[in-house]
Ligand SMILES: Cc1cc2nc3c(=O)[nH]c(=O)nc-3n(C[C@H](O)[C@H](O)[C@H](O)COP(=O)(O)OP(=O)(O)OC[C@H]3O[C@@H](n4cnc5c(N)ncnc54)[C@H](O)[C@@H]3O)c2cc1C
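Just the one chain here, the form predicted alone, laid out as structure tokens.
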């Protein structure tokens, strides 16, 4: 029997675990997953961790394929020339192919005072710190959630349902992806929970203080606990390793998810920027991109030409506490339809989506290659063509 091909996956989130499991399709591939935490974190549950309604952790033994080697360590640099990953504690490990799936995390806020006085919520450790701070704070303490996207909405709703005095500052429109009809329903649900909603022009936070936030329109809102749920941050591992990234730090790839600098490196999930046109960040997209990244590696090992990524977004969903939700249907080009499931149906569909995000990993672990996803077929190619035309030189 010949030597096995070594594939290293950096990152144990939705994309990394999906990729590692799918790579087990070939018996002549040895897969190593590098991750600093000993548990898988279903990030769709972090707002529930903050609200103490879910632990937001799953044992890797439950989601990782048997035979995948798990290394609990942090990657500090990728030496592409030598095909090695340098680790914080255990030296380094070599690879024949590398899947870059480091994900995203807490942003580095540029707003004065946010880094000092606001609690981020995008990682397990950040959510745990916030939960402890809320536990220590008196129930009447004013809580301000900054960010009108799904993370901000869900965190605000979760806390308001527990009787907290919550203000949600959107910095623009509430739920920008939602169709206007669904957005009206979202406002109704938040009002029912007692959330004080601040949105529209002038609602951007321009300063965070120890006990208040200041808005662009000059208003100052009292805030004993400020939660920062706006934006995202991407680990700078690719940039530190000399690999080209987009302006946000995501690894630049072609449409097969292969690094534009090295065909032995593919990227998946929130940290990838195919053709400098990244997909919307989500657990759904991360799982699909992780599967496609694995397919790209497997095709290269087999001497085949990798296929371009093809991914449609059929829906997105938001929970409003434990009793209501909105399941927003979408077109394949990731724009909202005027169709959505509200209330109890929306809640059940949201919960099903959260459970499915983990079940897909479990299924792939048991049957590598089982994961399939909706295809787009035309919208992304049209976007790429339009961008090419805009960049074409004028004769």
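Positions refer to the first chain, counted from 1. Only a predicted model underlies this, so the values are computations on that prediction, with no experimental measurement involved.
In what follows, reference is made to the form predicted together with the named molecule, a form of this protein that is not presented.
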item: All of 37, 101 and 237 within 4.5 Å of the named molecule in the model of the complex, heavy atom check; value: yes
item: In the model of the complex, segment of 178-186, 198-206, 133-141, 118-126 with a heavy atom within 4.5 Å of the named molecule; value: 118-126
item: Residue among 254, 79, 211, 73 with a heavy atom within 4.5 Å of the named molecule in the model of the complex; value: 73
item: Touches the named molecule in the model of the complex: residue 326 (any heavy atom, 4.5 Å); value: no
item: Contact flag, residue 64 vs the named molecule in the model of the complex, heavy atom cut 4.5 Å; value: no
item: 4.5 Å heavy atom contact, residue 151 and the named molecule in the model of the complex; value: yes
item: Partner contact for residue 347 in the model of the complex: the named molecule, 4.5 angstroms, heavy atom; value: no
item: Contacts with the named molecule in the model of the complex - residues in 307-327 whose heavy atoms fall within 4.5 Å; value: 317
